[in-house]
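Just the one chain here, the form predicted on its own, laid out as structure tokens.
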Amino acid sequence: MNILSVIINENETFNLSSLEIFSFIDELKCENKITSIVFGGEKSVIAKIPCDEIVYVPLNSSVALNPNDVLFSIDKFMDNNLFDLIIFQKDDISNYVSPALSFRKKIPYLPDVKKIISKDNKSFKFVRPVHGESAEGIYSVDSTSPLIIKIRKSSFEPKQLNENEKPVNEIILNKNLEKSFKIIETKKIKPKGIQLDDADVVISGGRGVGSSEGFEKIKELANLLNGAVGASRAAVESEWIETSQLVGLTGKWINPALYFTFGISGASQHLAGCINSKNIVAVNTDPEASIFNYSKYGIIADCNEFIAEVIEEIKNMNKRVVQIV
């Protein structure tokens, strides 16, 4: 099987979560030839991608990347190369490019695949969430015809990079002169502290936090636990926290070891982004809140009072440790 993995690095550094693609391929358990087309990122890291052939498209970091150019480049590359399976990771540009490529090439498209059930000589069976993560659908797909897949972020463990570098074939970005839109300006927020994608511990607040001042306690607890700060849609829309901290269907998809929620009811859109967390601890005043159905530990309490107690207890524990030492 000839497989094309598409990796898009917008921030000049290699997107390590894209390595989930190769764990997904391993789970197919069939003989594969894997080609990776990589847009941007560090060339020295890209040379260690665990695949058979690497094609690198350098990007100009001072110019906003237009998704149409990415689409056009992949389209032209596929004109000269035949693939049975084309795989994208979930990111902003791939969300645009993958269905558009499906339309151009007349190849079936299946987004947000989170699990492989089986494969035989005629078909694959994949699982993807439906109805905002409230249910799962099983899709049987013809394995003898080309297919485009976008995998659901945080559903597979990222595969390790190779220790040794491989040759990298470099091609230029094909500019689409008939653009349907033009990007005038891109404002990039410089990441501060531990990022949601990388954190083992995430502390999130929702409507129940009540104010931007309440999020100062969320940030303080995250700092004490060496974690990242998250938020629900209600908190973001209330402008208590930056949009970049949104966890959910239209925000970040995370899988920390510990996910601590304060004042989040557990709407399906939010659960879509955090359901892969290893342990969920929920604090809410409503005993009927749906978040309790998915949490390992649930606390019925005022979230602002409870977080203040947690912060105080952690500080006291740290003092005792210092005294013993």
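Note that residue numbering begins at 1 and tracks the sequence as displayed. The term rigid core refers to the maximal set of C-alpha atoms that superpose within 1.5 Å between the two forms. All values reported here derive from a predicted model rather than from experimental measurement.
Just so you know, the form predicted in complex with a small molecule exists too; it's not on screen, but the next bit is about it.
For the options S265, S295, T35, N66, the residue carrying a heavy atom within 4.5 angstroms of the small molecule in the predicted complex is S265. The contact residue chosen from P129, G214, P111, G251 relative to the small molecule in the predicted complex is G251, the criterion being a non-hydrogen atom within 4.5 angstroms.
Contact check for C303: a non-hydrogen atom falls within 4.5 Å of the small molecule in the predicted complex. In the predicted complex, at least one heavy atom of N284 sits within 4.5 Å of a heavy atom of the small molecule.
In the predicted complex, the small molecule sits within 4.5 Å of a heavy atom of R207. Using a 4.5 angstroms threshold between heavy atoms, A100 stays clear of the small molecule in the predicted complex.
Contact with the small molecule in the predicted complex, defined as any heavy atom within 4.5 Å, is confined among 27 to 35, 55 to 63, 42 to 50, 268 to 276 to 268 to 276.
Positional change of F22 between this form and the one not shown stays under 2 Å at the C-alpha, relative to the superposed core. With the core held fixed, the Cα of R207 is displaced between this form and the one not shown by 2 Å or more. With the core superposed, D286 shows a C-alpha displacement of at least 2 Å between this form and the one not shown.
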